[in-house]
Every structure is written in structure tokens, then in C-alpha cells.
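First comes one chain, alone, set out as C-alpha cells in the form predicted on its own.
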Amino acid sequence: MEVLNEILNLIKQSNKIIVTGHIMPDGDCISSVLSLSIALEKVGKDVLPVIDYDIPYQYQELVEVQKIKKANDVIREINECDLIIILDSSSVDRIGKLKDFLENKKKIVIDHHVTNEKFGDVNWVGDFFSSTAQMIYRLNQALGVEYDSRLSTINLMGIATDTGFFRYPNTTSEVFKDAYELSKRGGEIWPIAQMILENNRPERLKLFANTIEKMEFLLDGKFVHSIIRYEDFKRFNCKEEDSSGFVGELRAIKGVEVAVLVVEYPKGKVHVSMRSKNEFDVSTIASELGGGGHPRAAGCTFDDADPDEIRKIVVNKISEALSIRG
């Protein structure tokens, strides 16, 4: 691939490299940032992983997560870097305060979101990949990186989480092939699954029960939506990260085609997560509202907003679209 060669050349020409991902990081983002950072270190580069957001508590069990910094803590390093590699981020506003340092910096964007705005000097956008982590596996192979069991496990984590542990429609034969290769190199799926799927805090379960209590159904049960206000997070001693995965649980309800979860955290900042089960393209709705994502998983964010008003807007748009589709 020509774009892959461009990426390899830019990496070869650079010594100090920042590797970053999106705010509200998920398993794919964290896996991709760490997997590429480790690989670049292996080929002799001075690398700093940056995610300008708190890492969810489940992933903090990874020792390597301690190397990830926030933008304000490493301003000097960012100013001195030769190259910034931006992963799993469809637009520049998704990388937090790091966006303020992009001017006059060489930028590579690697992402699998179809709504990516291609804001890098070199852009590798492959929406046919299951995850950015799968793309990083390809890149690391092209770099000639030798995979040990630790790198294999971390890289496997992103593929596993973004395919719903091999349950989602993006789980292709290529996904299984790459997972097999990483497993052969020592990648372990069980510790990942245990860390992410069997690591609930009691407070988080109470927050989820509150989310279930507030859910509403429309269109004969095809559409479900719920809301978590900032006051709910405070009441149950939770953070925004604790709501991760809730919208997927709503989608899993029998008969549901589209699920929406409106989350306010902190006060006045509203994030909308949208999921669909089979055919409805939620990314079109998210794009209309200034967000993006995939056909089956998308979202958008609003500042200085009322979560109840945002909920009404999103519910009306999706209800109308679903009604037209029939």
C-alpha cells in the first residue's frame, strides 16, 4: 500500500514521536496507542504515548498504562517532537488539548472510522478493518517489529474489544486470522476478558440499574433510549468511564434495533452514544449532529448543553428516520 509506505518513511525520518488517541478512550484506543508506542521503541525511536483524558479504571491494571501522559503534563516534549501519530480519532477535536499543538507538526492519522475527516499530512483510513488495533498490527509487521507475549496481548486487546469479543458484524475471517497470529505469539485473551468484563464495581452496577430504570421504548420496542445526568454520577460515586458499555447492554435487549444513551459529564457537557443491531446506520445521525463513528456504533458531543433537550433532539431524529425506513 502506497499510504503505508508514506507512513514508514515519515517514521524513519523522525526521532521524537508522540502517539496519541481520542478522549474518552476505549479498549481499541488504549491498545493502539500502547501497541504502536511499544513497537516504535523496539525500532529505536524516542516515543511518548499521550491520551488527554483519564484512563478507565479497568485498563489501569495494565502496567504500560502508567506511561500514558496528558497533554498539559508534557508540553515541552510535544513542542520538541518531530512527528505526531493520531490513532482511532475521526476528527481533530477528538484528541483533547493536543489539538492546540498540531500547527507546524508532521501528522499521521490512522483510523478505521468511515467518518474520519483526514486531517493529517498522511491519512490511512480503513473502515473495512475491525479496529485501529488491527491496522496497528499491520503497521508493526511492516516495521519489522518482533512480537513478544506482552505486545501480542496488548494488541489483541484492541481487536477483541472493538469486535465485542468477536461477537459484532465486523468480526471477519481476517480478524480471526490476526487474533490467531497474536495468540500464537503469546497473546492471551482470558486476562483481557477478565480485566474488562469481570471487573465491575458495585457503584457502577447501581448506576446501570438507574439507567435501566430511566429507559424508554418507542416504535414497538425497536428503539430504546435512556439518560444519565451528572447528578446521577455524583449520587452513585461514579465517573463518566463507569457508563462505558451501558449503551451496548441497551442494544442487547430483545427486539431493539437502535439504542441511545445520553450522558452528562461533567455538568453541561453531554455525550450521546448510539448503537444499532442490524441495518440502521447511526453514523448518519451522529454526523448530522457534529459527531461520527460507524454504521452500528457512533456518537456526538455537546458543550454547555441540557441533557434532556439533547435527548429530545436525538430521539426525534432517530424516531423519524426509523419510521421512514419502516
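Residue numbers here begin at 1 and follow the sequence given. Predicted, not measured: the structure shown is a model, and the values here were computed from it.
Omitted from view is the form predicted together with a small molecule, to which the following refers.
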Open item on the list: Please identify the residue among 30, 262, 298, 50 with any heavy atom within 4.5 Å of the small molecule in the model of the complex.
Closed with: 298
Open item on the list: If the cut-off is 4.5 angstroms on heavy atoms, which of these, 183, 210, 171, 91, is the one near the small molecule in the model of the complex?
Closed with: 91
Open item on the list: Can you tell me if residue 56 lies within 4.5 angstroms of the small molecule in the model of the complex, counting non-hydrogen atoms only?
Closed with: no
- [ ] State yes or no: in the model of the complex, is some non-hydrogen atom of residue 37 no more than 4.5 angstroms from a non-hydrogen atom of the small molecule?
- [x] no
TODO: Consider residue 113 of the chain shown here, and say whether it contacts the small molecule in the model of the complex, taking contact as heavy atoms within 4.5 Å.
DONE: yes
TODO: Using a 4.5 Å heavy atom cut-off, indicate which stretch of 127-135, 91-99, 250-258, 222-230 touches the small molecule in the model of the complex.
DONE: 91-99
